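Before any questions on binding or motion, here is one chain by itself as structure tokens, the form predicted alone.
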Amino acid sequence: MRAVIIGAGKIGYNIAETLSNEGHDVYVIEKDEERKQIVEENLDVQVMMGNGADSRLLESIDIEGADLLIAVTENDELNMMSCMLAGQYGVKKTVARVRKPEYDRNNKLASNPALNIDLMINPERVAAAEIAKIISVPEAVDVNYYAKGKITLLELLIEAGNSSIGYALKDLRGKHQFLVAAIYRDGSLIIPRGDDKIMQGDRVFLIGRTDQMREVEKVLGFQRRTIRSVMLMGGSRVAFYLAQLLEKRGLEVKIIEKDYKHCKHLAGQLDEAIILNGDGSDIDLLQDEGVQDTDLFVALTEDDKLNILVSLMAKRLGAKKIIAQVRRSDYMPLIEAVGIDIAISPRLLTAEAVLRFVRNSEFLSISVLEKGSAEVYEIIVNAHMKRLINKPIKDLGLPKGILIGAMFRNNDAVIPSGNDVLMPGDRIIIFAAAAVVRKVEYFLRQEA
């Protein structure tokens, strides 16, 4: 595939790196000399200096031969213009990063065929949706749904005192079907066997039927609780979108924001949320507003260091679960070390969403897990996948590091055994370690 990426910020860099590593032909257009140099020094891609909406520049890199254009600069209008130009040159797929709420709310604009935008993505909305998804299963570090929501994949952190520590997987049995697809331990991903034991500090990836997951979690020592109250520090766009989602669920939402004018704006846009004008780093204010009793505290200012600091304060004061927005990737290891429950990066989430969109159309969805250590694919088995159909899973010869974690057939979700046989029309969930992700598509297309 030949891809053109306009904008070499954090999102553009991440997408360019991934596509390049997968063997695609990648061109990057960047107007900032410093960012251009960073890409040139670190990635095996071709980099041009200039404006992504300059038709002469696009023609100089043979834009007519491109399969994909991704415009992820900080300028919404430039991104949309670049996609419109790409359409005139016949580029097959286009993606535009669009952040302004006035564009985001205008469905007629987003669906206007003249713009030629196949995917219009808003990083703040993506981040808000991710946080809202995690809130539905608060004991999890991450949550993903497949097969129209009938199958759930949870990432669970095994902390001190968990009742499953020391048990071999084969001894963790329940009346419901489930699969421990992988364990992330000491920076490495393990595809476990029945004799492998659960250890403190493990991040366990658990697949099961959504309607049974609450009971399945108990087998691994987790008791699901319900979040009713949420406190947000910072009235950012992420906070606004998140508050909208949480209001619809009937949750109690408080937003602490320093800027008085912005507080008035938020109060006019939200129906039920309580907007407080104040400094979220003020311990007395946090205590007066009941942070010690809140089910979830989310730090969403534009200052990573402030988010980390106040998250630690909120945790020490008694908030039951903490999520911090962190834009700098080099801060991520710090989050785990200091004990903040979850770090959210709108940039990384956006890059992952774009990559899911541009992958092979046979994949209904793709999830990237634990800093890229594994990927999960949802596909529909078809008659052309002769390597997969009409034979037991144990006889498929799956490469090491790849496993079929779940199957959806006739409106029923199943955790398959080695004796189950795949049929055309089945939805299957494939779990693949990072080292073998490039083998997934090859294996699907390989003749029997």
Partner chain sequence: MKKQRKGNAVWHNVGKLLMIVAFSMVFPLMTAAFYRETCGWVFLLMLPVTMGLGWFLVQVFRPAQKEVHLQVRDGAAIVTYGWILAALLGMLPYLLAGTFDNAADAFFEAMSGFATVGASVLDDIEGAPRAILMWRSVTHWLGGMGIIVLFVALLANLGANAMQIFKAEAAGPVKDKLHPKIADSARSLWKLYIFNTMITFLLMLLCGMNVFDAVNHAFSIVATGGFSTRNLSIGSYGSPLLEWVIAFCMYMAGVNYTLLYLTFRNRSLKFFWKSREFKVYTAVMLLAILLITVDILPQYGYDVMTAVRHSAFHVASVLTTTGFVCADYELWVPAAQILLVLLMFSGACAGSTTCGFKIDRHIILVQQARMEVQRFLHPRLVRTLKSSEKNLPEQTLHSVTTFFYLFMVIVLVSTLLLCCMGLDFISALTCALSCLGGVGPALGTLGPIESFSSAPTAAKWLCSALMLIGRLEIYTVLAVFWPAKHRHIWYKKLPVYGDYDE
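Numbering follows the first chain given and starts at 1. A quick note: this is a predicted structure, and the numbers were derived from the prediction, not measured.
Missing here is the form predicted together with the partner chain; even so, the following discussion is about that form.
Contact with the partner chain in the predicted bound form, judged as any non-hydrogen atom within 4.5 angstroms, is confined among 215-223, 196-204, 283-291, 181-189 to 283-291. A single residue from the set A127, A273, V326, A140 has any heavy atom within 4.5 angstroms of the partner chain in the predicted bound form; that residue is A273.
Put simply, of G90, P113, G268, G250 only one has a heavy atom within 4.5 Å of the partner chain in the predicted bound form, and it is G268.
Put simply, K254 is close to the partner chain in the predicted bound form: some heavy atom of it is within 4.5 Å. Contact between K305 and the partner chain in the predicted bound form is not found at the 4.5 Å heavy atom cutoff.
Put simply, N277 is close to the partner chain in the predicted bound form: some heavy atom of it is within 4.5 Å. Among residues of the shown chain, L119 is not one whose heavy atoms approach the partner chain to within 4.5 Å in the predicted bound form. Contacts between 247-266 and the partner chain, taken as any heavy atom within 4.5 Å in the predicted bound form, involve K254, Y260, C263, K264.
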